[in-house]
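Just the one chain here, laid out as structure tokens, in the form predicted alone.
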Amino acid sequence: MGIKFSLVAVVGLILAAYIGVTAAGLSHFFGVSMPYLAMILFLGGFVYRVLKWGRAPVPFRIPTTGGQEKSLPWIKHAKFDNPSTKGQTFVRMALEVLLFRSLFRNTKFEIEKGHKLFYQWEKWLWLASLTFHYCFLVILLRHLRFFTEPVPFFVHGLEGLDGFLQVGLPGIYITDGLFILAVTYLIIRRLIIPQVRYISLPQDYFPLFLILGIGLTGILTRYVYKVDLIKVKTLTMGLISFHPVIPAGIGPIFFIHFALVCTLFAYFPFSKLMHAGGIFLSPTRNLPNDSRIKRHVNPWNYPVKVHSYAEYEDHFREKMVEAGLPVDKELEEAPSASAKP
């Protein structure tokens, strides 16, 4: 049910953009109003979620551990799987954000051949996820040429490196193909693995289909239904300068692509995609595991009147002795709390 709903939703967005531009004359809505609304939702939602997470109290050290914590000198310490200092935690975070290290350590185990447990190498999910995220990053950076004037030097270098094969005109970008392959793998994986399909919800399928739609329509605008890039840049630079203009003759395929991109930006802060910002605020990742090294006091504790055991024994020492209960101080060593001067 989840996959059908998500697929229908993405197809509906595509049809809405196509019909709206070609039949209803809504080019201004899809070219100006929708991107401005999407950026307001993206920036406002992103800031709101980050501030909300930042205000959440974290009174204890609760890092996820994946190795031996710091202990006796002769016991090897897993510094980056169980960090005990801020420096080690920084390295752990860098490895997680840049290389998805925890996903790389994923293994698959099955019981086969007479109740024997077998562990298998399981790195395809890590490879597909890493490929998807880095290709997405490269594609976003390449698109800066539509929003900057002059175009930064690194964008030209990135385009040259990405399209060094130079097959046909326009040149084929390697990241375009790898991006589609990676997203397709992530979708197929959710469909063919029963355990993953069982726990998958519409909010898992929808962003994947949406991103796949963005990739496919982007490829169509470049290689099949070629769009006038000068007109596209006129539109995007008008949006950036807050003097929007809709050049004639851009073509509906561009508005479909643009509408899907705007939908992704608007949907981003309210979805699971916010792990992009949440990873930096996750106490299971950004805290060292030093609870056995130093005492942590909850800074949100409000002052309360406590009744210590010493005070308790001073009040009830006589009755405790009469009942045969052990006491820290003998009865004659300290006067009872009920004794009068």
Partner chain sequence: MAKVPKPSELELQHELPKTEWMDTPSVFKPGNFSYPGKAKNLKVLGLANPREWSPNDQDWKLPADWKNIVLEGLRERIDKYRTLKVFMDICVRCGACADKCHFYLGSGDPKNMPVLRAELLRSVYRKEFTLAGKIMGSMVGARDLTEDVIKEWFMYFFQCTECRRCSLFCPYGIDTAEFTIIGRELLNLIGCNIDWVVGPAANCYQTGNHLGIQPHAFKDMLEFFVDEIEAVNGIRIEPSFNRKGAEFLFVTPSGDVFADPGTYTLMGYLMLFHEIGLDYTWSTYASEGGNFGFFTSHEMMKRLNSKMYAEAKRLGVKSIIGGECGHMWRVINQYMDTVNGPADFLEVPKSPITGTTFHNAASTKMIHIVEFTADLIKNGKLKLDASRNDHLKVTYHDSCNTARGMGFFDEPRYVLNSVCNNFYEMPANTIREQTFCCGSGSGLNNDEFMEMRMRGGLPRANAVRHVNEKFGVNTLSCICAIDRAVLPTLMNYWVPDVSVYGLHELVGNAMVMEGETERTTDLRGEPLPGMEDNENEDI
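A quick note: this is a predicted structure, and the numbers were derived from the prediction, not measured. Positions refer to the first chain, counted from 1. Here the rigid core means the biggest group of C-alpha atoms that line up within 1.5 Å when the two forms are laid on top of each other.
The same protein has a further form, the form predicted together with the partner chain, not shown here; the description that follows concerns it.
Exactly one of the stretches 224-232, 139-147, 175-183, 190-198 approaches the partner chain in the model of the complex with heavy atoms within 4.5 Å, and it is 190-198. Taking the partner from the other structure, the partner chain in the model of the complex has no heavy atom within 4.5 Å of any heavy atom of residue 236. The closest heavy atom approach of residue 261 to the partner chain in the model of the complex falls outside 4.5 Å. Residue 33 falls outside the set of residues with a heavy atom inside 4.5 Å of the partner chain in the model of the complex. Using a 4.5 angstroms limit between non-hydrogen atoms, residue 106 touches the partner chain in the model of the complex.
Residues 54, 56, 57, 58, 59, 60, 61, 62, 63, 64, 65, 66, 67, 68, 69, 70, 71, 72, 74, 75, 76, 82 of 54-92 are found to place at least one heavy atom within 4.5 Å of the partner chain in the model of the complex. In the core-superposed comparison between the shown form and the other one, the C-alpha atom of residue 206 has shifted by less than 2 angstroms. Core-superposed comparison between the shown form and the other one: the CA of residue 81 exceeds or equals a 2 Å shift. Residue displacement note: residue 43 has its CA displaced by under 2 Å between the shown form and the other one (rigid core superposed).
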